[in-house]
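Okay, so here's just one chain, in structure tokens, the form predicted on its own.
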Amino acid sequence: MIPSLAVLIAAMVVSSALCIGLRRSRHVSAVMPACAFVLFALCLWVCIPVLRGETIDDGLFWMDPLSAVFMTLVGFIGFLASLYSRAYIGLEAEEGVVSRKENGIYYSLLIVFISVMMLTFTVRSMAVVWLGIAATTLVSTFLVGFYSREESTEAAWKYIILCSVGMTIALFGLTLVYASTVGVIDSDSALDWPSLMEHASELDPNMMRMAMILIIVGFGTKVGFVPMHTWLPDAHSQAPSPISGLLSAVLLNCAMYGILRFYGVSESLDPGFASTVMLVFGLVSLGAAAFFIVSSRDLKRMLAYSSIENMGLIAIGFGIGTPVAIAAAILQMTAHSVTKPILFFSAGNIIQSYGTREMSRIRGVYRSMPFTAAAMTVGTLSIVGCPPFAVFVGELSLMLGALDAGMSWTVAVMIVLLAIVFAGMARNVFPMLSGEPPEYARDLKGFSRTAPLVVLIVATTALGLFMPDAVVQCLENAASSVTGVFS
């Protein structure tokens, strides 16, 4: 095995075992973020050469630039969510909301969750990728229902039932893909993505069309495509805020990764079919999310609908299907991943201070929590696509990709719906920041509250203002690998 990858996988196993072993100790809250930092550092060691165009090809393990983009985002956001958890879960432990036992369970599940997501992007077999995505569902269910309240338990059950149905549908799609490889690819490598790309033109097109519909619907359930999205607002609103940020920023990407691998095979065999299905789901998801955002009353549910909106935008990029649009979709995914945790972490601070998620009951955040209010402002302006932040560049690139493909009608629809999103977010967020705060509102401070927000704000601003040639090359490499250049 490649030494760097072997060290990373060993670190995942050791970190998970260490945190599980220390779950009854008060030190687990410090050990777990340290382990997450080590995983992120090792992730960079593995991924930077791959992002530059190299491919890891070693038996069961296989990585290309697309895998590296997804893994890097998991490592980065996973570490920041772990660091923010120290303050967020720490306060709840002090106030008796969380017991010492629950505190240990939280950190143990979190490191396993991050490790499983990262591991999903290291394998060549799409069957194993399916297992990895299914495993993330199982682990994250316990984090969604962490508080054991009636609402949290209901959200967790809804999440696991709907996503399990989706994963079963995706499995049927994988079965059809496997059937289409009979007589074309050896059975022991029939679901290996490099083999599928190499023999894509020889597969049965009718069977692959059926498979792609099942795969997009199945994995799309976990992505949050409308109308399979109903679990997402409940799960994101009921989970602890660090977990909500992690779910939104990187877990949805895991399911999108499963779609993209088969998308590349389908587009090589039958150009236009998978991209059309993705375009339809993208536009429907963007439209529905826009109107849900306007009507939202719960802060975290609104942010969840914003995640559906951004997954819709990403799907539109792959629906356009040109190299420019695919690169723009990957840029939009990256921008969303580094921006959305700003909002969820800021929302966590506000909810802990005000004791409510109802936006109508939150006022005067700028007076009571100046830093959190500033972070919420930056996060809101960024996520709705205002310059100079990363999402603006991603959305602009998507529109340019659509114009380049002659799809001006798509641009017109996007502009209208994004204007509705902007109006809805502004209507809901900015009244919370102004006015007079209630007497019980308090400013929550501390390194592990502020540092993750500062890092994320710098990241989304830097991605919006600067686009070095090295970053452009990484995006182009990842976009090319979607269609099999690096197979």
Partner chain sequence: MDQLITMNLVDLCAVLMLLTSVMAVATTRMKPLITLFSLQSVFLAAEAFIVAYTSGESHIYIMCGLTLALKVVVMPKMLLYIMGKIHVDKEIDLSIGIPGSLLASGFMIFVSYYIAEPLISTMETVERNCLAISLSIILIGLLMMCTRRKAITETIGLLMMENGLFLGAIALSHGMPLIVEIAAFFDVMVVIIIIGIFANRINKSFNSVDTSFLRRLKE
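For clarity, every value in this text was computed on a predicted model and none was experimentally measured. Numbering follows the first chain given and starts at 1.
Note that the form predicted together with the partner chain isn't included here; everything after this is about it.
Shown without its partner, this chain lists V294, L91, L283, V128 as candidates; in the predicted bound form, only V128 has a non-hydrogen atom within 4.5 angstroms of the partner chain.
Residue in contact with the partner chain in the predicted bound form (any heavy atom within 4.5 Å), chosen from A288, V324, I160, L279: I160.
At a distance of at most 4.5 angstroms from the partner chain in the predicted bound form, all three residues A135, E154 and M210 contribute at least one non-hydrogen atom. The stretch that touches the partner chain in the predicted bound form, counting heavy atoms within 4.5 Å, is 140 to 148, out of 140 to 148, 245 to 253, 363 to 371, 261 to 269. Though the partner is left out of this view, V165 does reach within 4.5 Å of the partner chain in the predicted bound form, counting heavy atoms only.
Proximity of F344 to the partner chain in the predicted bound form falls outside the 4.5 Å heavy atom cutoff. In the predicted bound form, at least one heavy atom of Y305 sits within 4.5 Å of a heavy atom of the partner chain. In the predicted bound form, the partner chain sits within 4.5 Å of a heavy atom of T175.
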